[in-house]
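So this first bit is one chain, no partners, the form predicted on its own, shown in structure tokens.
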């Protein structure tokens, strides 16, 4: 069965990023995939120590909830990262997990361990109507590439000025569902 892993980088379990991620994951499930959502803000994730020990064997020396994240990311056929925008970048809880994936980067780029092909997507929300998404998109695309996932579609939602904005905008919810469906169909090819 196809596994889709959703990384919720919001400190709100039911805020805009989480709501849109859920819509994308539900669409993937409706197409026959298994979906797992990880709420990064509520997990025990320490920052990367930049020790580079992972360059030797692809394993992080820190034992915390990233062990589960690593396992799921390695098994995933598709990954969706969702985050609110803070100062033009991803949230701090998303950034913690992204930085800790240095171990997965080491597996791909240093140790040359292959990974099955995978597809990725990004969902970003911002309160400001004129929000800048470029920094977060660039970092998250680099993250997906670094762990061996081909980045694809990016859903950017500006002007989400309340935690229930997405839930009250059917068009935005539909865009997230379409992202989830297209992500899954991209795995099977054109």
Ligand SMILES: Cc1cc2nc3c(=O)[nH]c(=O)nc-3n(C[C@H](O)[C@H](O)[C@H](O)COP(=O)(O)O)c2cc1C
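Quick caveat: nothing in here was measured; it's all calculated off a predicted structure. Numbering follows the first chain given and starts at 1.
The next section is about a form of this same protein that is not shown, the form predicted in complex with the ligand.
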Between the options 135, 46, 128, 34, which residue brings a heavy atom to within 4.5 Å of the ligand in the predicted bound form?
-> 128
Consider the chain as shown here, without its partner, and state which of 27, 147, 160, 60 has a heavy atom within 4.5 Å of the ligand in the predicted bound form.
-> 160
Looking at the partner-bound form in the predicted bound form, is residue 71 within 4.5 Å of the ligand by any heavy atom?
-> no
Would residue 84 count as touching the ligand in the predicted bound form under a 4.5 Å heavy atom rule?
-> yes
Heavy atom to heavy atom, is residue 23 within 4.5 Å of the ligand in the predicted bound form?
-> no
Among 35-43, 120-128, 51-59, 136-144, which stretch has residues whose heavy atoms lie within 4.5 Å of the ligand in the predicted bound form?
-> 120-128
